[in-house]
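One chain is shown next in structure tokens, namely the form predicted alone.
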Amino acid sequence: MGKELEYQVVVVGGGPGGLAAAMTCARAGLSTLLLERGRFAGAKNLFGGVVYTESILSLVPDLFSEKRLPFERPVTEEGWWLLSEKGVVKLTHTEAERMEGPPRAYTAFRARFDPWLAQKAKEAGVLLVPKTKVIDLLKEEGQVKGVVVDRPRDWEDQEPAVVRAPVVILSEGVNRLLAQKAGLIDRDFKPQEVALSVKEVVQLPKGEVEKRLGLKENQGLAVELLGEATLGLPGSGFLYTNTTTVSLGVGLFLSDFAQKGIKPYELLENLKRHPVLARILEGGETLEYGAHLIPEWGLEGLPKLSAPGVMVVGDAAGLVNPLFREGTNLAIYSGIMAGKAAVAAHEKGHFGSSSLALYEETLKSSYIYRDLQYFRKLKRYLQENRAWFDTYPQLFNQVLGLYLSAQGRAKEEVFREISKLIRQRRGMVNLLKDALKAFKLFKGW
């Protein structure tokens, strides 16, 4: 790499947040280097979920003029499935207009989406260097002024190479090791602050994705699975349809895996054995298995977003909203904001706290931060009110089972049985308390 290289901006990590930041800087004329430790952008990212087109359009306005989009299926049906041991209550929404106009969301694989976005970054002028790990930050007089990488300086000098830049943008993912070295956060994450999600991609016989899930070729399903999916523990599963495969996964807080002695692959296998999902997966072939951590430390664990010479975006900053499947889009938006702050700092010729604080100010005035504030109590609420994951999914299944099979019985008798069931499983007082707690939570009290 030479003894010492210099760029105006160095971005660490080739995920959507890093690519968005790099593209924003390069399009403004800044010399921008993006360092990615994987073989290519997306090689280290496990993702089989949903991407939202609004955020992508902010980077690639002519997205829908592309001959081949980097997605799987447009999401035309989404919602929740509440699993009991043998049944399911499906709460899903299909919007007819979405089938005709540009889709708001697609299912996607990061190993396909990220390289496509990386190519857009290269076209914008970003120099993307893969297979390069940043092992440290270059600090001088209390300010970050570059990075140290795991490549030798040259053939004769085996010391790690240094890349200088007055602005470094960290998009390193959930482990946030460099963010700690930058002084943006002073500790490792706690087990109760992250979720571990395991996933399989299952190939189904030709035409079976559509047949088994009631879809057409240009339609897709994205649902969250609650209840039996997580053995009644706080967390969720998911089922997303791809072109010829389905992505099935499940996640719990890391602390629950440890405390309950549950092995991640056993949790997924239990979900695959559920009668409803077993029918969907019948005859399928597993193509991919993997696991990844999802930051859920929320507002209370939010790091400082900037310091002299450095900013942090995406998962490394904990910008995830699992309730609404938001992660990739928040990474993109935060990357754009950080990129604009880097451009403004170069225009001023000043890279200290006061200049890069523009990023934090912009993010705090956005809906992203407002959502973090609004849902700041959600994680603790769910961990303390596990009835939403064990009692209620089972109860909804039992109540609907009684209600919908009421033929041949007096309806008064059926309603008495339903009332008795509710009293036995939760009790009217607890039911009202749960409703009040949920109301207070979403009112921001």
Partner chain sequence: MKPLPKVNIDDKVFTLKYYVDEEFVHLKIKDPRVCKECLEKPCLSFCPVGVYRLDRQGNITVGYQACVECGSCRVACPFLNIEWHYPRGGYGVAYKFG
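Numbering follows the first chain given and starts at 1. From a predicted model like this one, the values you see are computed outputs, not experimental measurements.
What follows is about the form predicted together with its partner chain, which we do not show.
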Select, from the options 250 to 258, 216 to 224, 365 to 373, 305 to 313, the stretch whose residues sit within 4.5 angstroms of its partner chain in the model of the complex by heavy atom distance.
250 to 258
Residue-level contact is defined here as any heavy atom of the residue lying within 4.5 Å of its partner chain in the model of the complex; does Arg110 satisfy this criterion?
yes
Heavy atom to heavy atom, is Pro191 within 4.5 Å of its partner chain in the model of the complex?
yes
Does Leu267 reach its partner chain in the model of the complex if we count a contact as any heavy atom within 4.5 Å?
yes
Does Gly290 reach its partner chain in the model of the complex, with heavy atoms at most 4.5 Å apart?
yes
Position in contact with its partner chain when the complex is considered in the model of the complex, options Val201, Val129, Ile185, Ala344, heavy atoms within 4.5 Å
Val201
Of the residues Arg386, Arg416, Arg409, Arg39, which one places a heavy atom within 4.5 Å of its partner chain in the model of the complex?
Arg39
Does any residue in 270 to 284 get within 4.5 Å of its partner chain in the model of the complex, counting heavy atoms only, and if so which ones?
Asn270, Lys272, Arg273
